[in-house]
Every structure is written in C-alpha cells, then in structure tokens.
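So this first bit is one chain, no partners, the form predicted on its own, shown in structure tokens.
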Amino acid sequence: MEIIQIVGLGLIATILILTIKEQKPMFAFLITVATGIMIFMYLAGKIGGIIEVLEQLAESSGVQMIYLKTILKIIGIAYIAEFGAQIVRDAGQESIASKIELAGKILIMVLAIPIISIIIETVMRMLPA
C-alpha cells in the first residue's frame, strides 16, 4: 500500500502547484523538485534491497562482481539522468533536459563498452574458425 502514499503525496503536491503556479511560479517549481526528491528518497531504501538480492544472485551464479557493479552503475545513470531531465523539463527547459538525456546515454555507452567487448569475445570464441 506504499503506492497509495506516493500517489497521495503526488496529488497533494499537484494541487498545491496548480494553486500557486500563477502567482508564485518559483515556489511551484520548488514544490515540484521537493516532491520528486521525497519520492526518490523514499524509494532509495527499496533500491538497496534489490541490489543486495542481485549481489547474492551474482555470487551464487559465479558472475564476476565487476560486471554486476557496472550494470548497476548503468542503471543508476539511466535513472538519475531521467530524474534530472524530468525536473528540468518541469521547469520548462526542454533543451537542457534533452542534453541531460544525451549525456546519460553517452555515459551509459562508455560504461557498457567493456561488457560489450567481453560478449563479442565470448561469441567469437564459440564460432568455428
């Protein structure tokens, strides 16, 4: 039932924002950012639990931890870039939001190169010469 709390918080924030947006747009933006941060911080504990389970699965399956950590970093960059872009988009800065998303995609590609290299090397070893 945690989703009811999150949706309730979102609805209350939306009503506040719509009420004060015409007279105080800066306060409306601050409420938007604060609400997003509160929801993100509430979910941070859940993310920690998911990471622990993934680490246990990786250890039991013999996957090297460096690959799991790289994948977790990639997922983290994707979420943070999306969160930041949405906040900037809420402020009406679509151009900057697009650049944040582009930066996130490039950083994801940089982190993914070692994993892609390992996959290609593994496939090449499996193919007959």
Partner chain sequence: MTWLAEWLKEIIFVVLLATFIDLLLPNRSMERYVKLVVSLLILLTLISPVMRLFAPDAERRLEMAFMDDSGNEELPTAGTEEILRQGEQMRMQRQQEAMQWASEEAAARMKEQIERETGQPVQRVAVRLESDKNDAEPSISAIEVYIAEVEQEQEASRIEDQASSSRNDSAQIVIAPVEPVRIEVKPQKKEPGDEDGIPVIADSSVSNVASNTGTQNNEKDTLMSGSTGEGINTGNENRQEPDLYGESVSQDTGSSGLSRQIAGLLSRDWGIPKELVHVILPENAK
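Residue numbers count along the first chain shown, from 1. Please read these numbers as outputs of a predicted model, since none were measured by experiment.
The same protein also has a form predicted in complex with its partner chain, omitted here; what follows describes it.
- Although the partner is absent here, residue 45 lies well away from its partner chain in the predicted complex, with no heavy atom inside 4.5 Å.
- Residue 112 belongs to the set of residues with a heavy atom inside 4.5 Å of its partner chain in the predicted complex.
- Proximity of residue 108 to its partner chain in the predicted complex falls within the 4.5 Å heavy atom cutoff.
- Looking at residue 91, you'd find every heavy atom of it more than 4.5 angstroms from its partner chain in the predicted complex.
- Among 54, 30, 96, 39, the residue placing a heavy atom within 4.5 Å of its partner chain in the predicted complex is 54.
- Residues of 70-107 that come within 4.5 Å of its partner chain in the predicted complex, judged by any heavy atom, are 70, 71, 73, 74, 75, 78, 79, 81, 82, 101, 104, 105 in sequence order.
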